[in-house]
Structure formats: structure tokens, C-alpha cells
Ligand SMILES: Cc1cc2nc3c(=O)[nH]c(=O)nc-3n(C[C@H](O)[C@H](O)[C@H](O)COP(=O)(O)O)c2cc1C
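Below you will find one chain, with nothing else, as C-alpha cells; this is the form predicted alone, and questions on how it binds or moves follow later.
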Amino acid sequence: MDRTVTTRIDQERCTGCGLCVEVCPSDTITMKGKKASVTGTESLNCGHCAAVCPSGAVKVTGLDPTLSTFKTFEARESWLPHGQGSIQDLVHIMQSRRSCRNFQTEKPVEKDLLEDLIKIGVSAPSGSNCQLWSFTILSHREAVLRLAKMVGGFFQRLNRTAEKGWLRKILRLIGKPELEVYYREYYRRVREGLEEWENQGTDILFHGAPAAIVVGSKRQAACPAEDALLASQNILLGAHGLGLGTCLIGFAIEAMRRDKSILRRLGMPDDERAYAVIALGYPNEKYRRVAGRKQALVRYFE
């Protein structure tokens, strides 16, 4: 992971308040006399120092300022203090976001919207501030259909394998029941879906979505799966606020996990893994109220 120090401090503007030293998680900055100075050999490049500096003396040149500007809306540059945001509005968006399975297939998603969603995604936290996620954009329906064909081909092959009862039995006997579980839980549903796709052209995988984003991460990240899924949640919520519907496509992720050639055909190198596939488009459905949730398992450790 790149820990190159890109922090710069304007000594003339520095007031010596020491706030940057207090918030630095990697001891990149220390006080020398009455001024803050860059003395460390590593940095997380988190930008805490620049964000806390009252005089604007600190800059982190390794950060891309364009990721904080958006094309489809204007974001505020000021920091929102703890407890001062509208929790009602936040929860309203969270509870209103629903998985969309009815898209306006013929209405494309604008490139600016897709790129703004990526910027919203990368505002998520990441383990050790690695930020080693990747985003593969499928910006039009034809690209989505090509991915759907790859995923469908994988499940066609898997179904043919699962049909072999003798193989399922042998694998179960040697402690590998996964194929038996798949046959019991998913085989019939997948077979019927593939037949519907072939005979009627019904998109049972992406539900007619005109766009998609594959969220991945470099394997060397500290927490690659967690990083990618946190960014994905940001994208889901941001998409709702921008007027788009979304749906996580778990079957596509399973196919990519087992058939690495799909990743390569998407242009993802061998050191990346996909953790979420998000179908995107303008929704062709409208709800009247938020839905409830199942009872959660909650425990205390004291």
C-alpha cells in the first residue's frame, strides 16, 4: 500500500495551533517549535490535517480534488459537525431505498450521473484508508446484456454439472456438500430463469436495467470486501437521491467468484476481485410508504 507522504504545510500561514498533529493517525506531522512540520516518513493520506486546519495552511497533494466536485448537483464544501445533520432525512433516504426490479429499459443513464455515483462511492471509509477499490461501469444496455450472457453461460454449465447425481453424492460423502445444496436450493429456479431468457427474452438477471456498476477492490487492500461493500452502500443511497433505482445482483457476483474469465473480459486484472454488481436505471415503480424489516438479532456483551 502506498504510504508516500504528500502533506505540505505553508509555514507562513501556519498558526501553530497543533490541531493537525492531534488528528493525524500516522504521526506524519509534529510540532517543531511553534509551527507544525512534516516529519514522518509515512502517511495515510487521509486528509484529516487539511480538513482541520483553521488557516488553510495544510495541503495533501496526493488527494484528487475533482472527486469532491459533482456534475449533476452542487455539494457543500463545509464540514457538517456531529449531531447537526438531519437524522430524519438520512433515515428517510435509507428506508425509502428499495431494490428495483422494474426499470425503464429504453431510458439510458447519463454518464455524468454514473461518474457522480462513483465519487459518492469513494467517500466511504476503507480499511487503513487504502482506497484500493475499483469501479467498472457498464454505461449502456448492450454492455449489461453482454455481462448477463457471461453470467448465464456460467450457470448453464453449473446446472449441467449439478444434474449429475453421482457427482453430488461423491462430493457430499467427502465433505463437500455445496453442489448438493445448490441443486436443492437453486437448480430449478436457475433452469427456469435460463429457459425464460432463451425462449421469451425476459431479463431475469438484471431486470431490464440499462446500466450497471461492478464494485471491486485490489486483493492487497487491508479489508477489500468491506471496502467495496461500504462504497456500494454509498452508491445505492446516492442513486436513490439522484432519482435512480438500484438492485444488487448476487448471482452475477457468484459467477464472477467462480469463473475468473468473466472478470478478465470486463477488463479487471488478476489482482482485483468483484464484490458487488449494482444494476442501475430509472425506476418504473413507485411506492407509497416505507416497508418494515425483519427482527434483528441483537446482543450485548458486558
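Computed from a predicted structure; not experimentally measured. Just count from 1 along the sequence shown to find any residue number.
The form predicted together with this ligand is left out here; the points below concern that form.
Of the residues 63, 44, 248, 237, just one reaches this ligand in the model of the complex with a heavy atom at 4.5 Å or closer; this is 248.
Residue in contact with this ligand in the model of the complex (any heavy atom within 4.5 Å), chosen from 111, 146, 98, 169: 98. Segments offered: 153 to 161, 176 to 184, 190 to 198, 90 to 98. Contacting this ligand in the model of the complex at heavy atom distances within 4.5 Å is 90 to 98. Shown alone here, residue 289 lies farther than 4.5 Å from this ligand in the model of the complex, counting heavy atoms only. Interface residue remark: residue 218 is not counted as part of the site for this ligand in the model of the complex, having no heavy atom within 4.5 Å. This ligand in the model of the complex comes within 4.5 Å of no heavy atom belonging to residue 119.
This ligand is not shown here, and in the model of the complex it never comes within 4.5 Å of any heavy atom of residue 141. If you take 283 to 298 and check each residue for a heavy atom within 4.5 Å of this ligand in the model of the complex, you get just 293.
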